[in-house]
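Below you will find one chain, with nothing else, as structure tokens; this is the form predicted on its own, and questions on how it binds or moves follow later.
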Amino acid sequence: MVGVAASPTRKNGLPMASLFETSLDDRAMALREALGSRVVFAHEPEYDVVRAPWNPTADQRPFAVATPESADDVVAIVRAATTAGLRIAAQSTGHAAPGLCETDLADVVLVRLGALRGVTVHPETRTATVLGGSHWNDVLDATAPHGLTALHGSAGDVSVVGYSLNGGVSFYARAHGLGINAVRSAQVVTADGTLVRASADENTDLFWAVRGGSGSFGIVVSLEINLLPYADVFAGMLL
């Protein structure tokens, strides 16, 4: 999910105004101690590599960039960032990075989800579990052997989570609706660093919110989506 999540209003009994009096150097040190090599700062050589989005028109320069490889990593990053009084933004590919750059990122930890990729297909229920940094090509490679497909868009290198949770207009939309309607559940790390499941029956308000309802309430680390029983597809666009 792309967006900037605010830190909790109080931490360790102190208002956030007191936390922001802590120097950036102190906060960087706290992040390094908590996250080790999973966080990169502006003075480090790899910073320009890990901060670069898919869309090169966006020159995003956050306070730090975190590179999780698991849901547990995301939990650790969110907890460390909020403890340090920093804001958090999540990004998978960065197709929509220009919008994020309209926000001041000087106190933001950018969580790049590109390493959190993987798809598990459940043919018996015609569903798939998709990790938060996965692309549509990952889904199609996994579903094709089962004679299945999904409500993907026209580009295989687009993030499944970003596409799905922002609507998702597919080649199959007239028959099957938007991609967002194929989302059955989401695993979300909330702003306080808690991993929860949101669905139509569990944490329903959060499920409404992450599916385009409002704001940025956490980082989506996986989705469960419905699949379609099409082994071969002929589709395209008229321009």
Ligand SMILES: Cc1cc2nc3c(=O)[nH]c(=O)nc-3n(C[C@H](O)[C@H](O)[C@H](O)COP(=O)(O)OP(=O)(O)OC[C@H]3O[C@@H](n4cnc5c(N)ncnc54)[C@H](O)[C@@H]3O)c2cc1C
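Keep in mind the model is a prediction, meaning the values are calculated, not measured. Numbers follow the displayed sequence, beginning with 1.
One more form of this protein, predicted together with this ligand, exists but is not displayed; see below.
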Could you check which residue among Leu105, Ala142, Ala71, Ala97 gets a heavy atom within 4.5 Å of this ligand in the predicted complex?
-> Ala97
Heavy atom within 4.5 Å of this ligand in the predicted complex: which of Thr83, Asn166, Thr127, Thr149?
-> Asn166
In terms of non-hydrogen atoms within 4.5 angstroms, which of the given stretches 168-176, 29-37, 63-71, 194-202 touches this ligand in the predicted complex?
-> 168-176
Would you say all of Val78, Cys101 and Thr190 touch this ligand in the predicted complex, counting a heavy atom within 4.5 Å as a touch?
-> no
Mark Asn137 yes when one of its heavy atoms lies within 4.5 Å of a heavy atom of this ligand in the predicted complex, and no otherwise.
-> no
Residue contact check: Val109 to this ligand in the predicted complex, 4.5 Å heavy atom = no
Report whether the minimum heavy atom distance between Val119 and this ligand in the predicted complex is within 4.5 Å.
-> no
Tell me, yes or no, whether Val220 is in contact with this ligand in the predicted complex, where a contact means a heavy atom of each within 4.5 Å.
-> yes
Taking this ligand in the predicted complex, which residues of 45-61 have any heavy atom within 4.5 Å of it?
-> Trp54
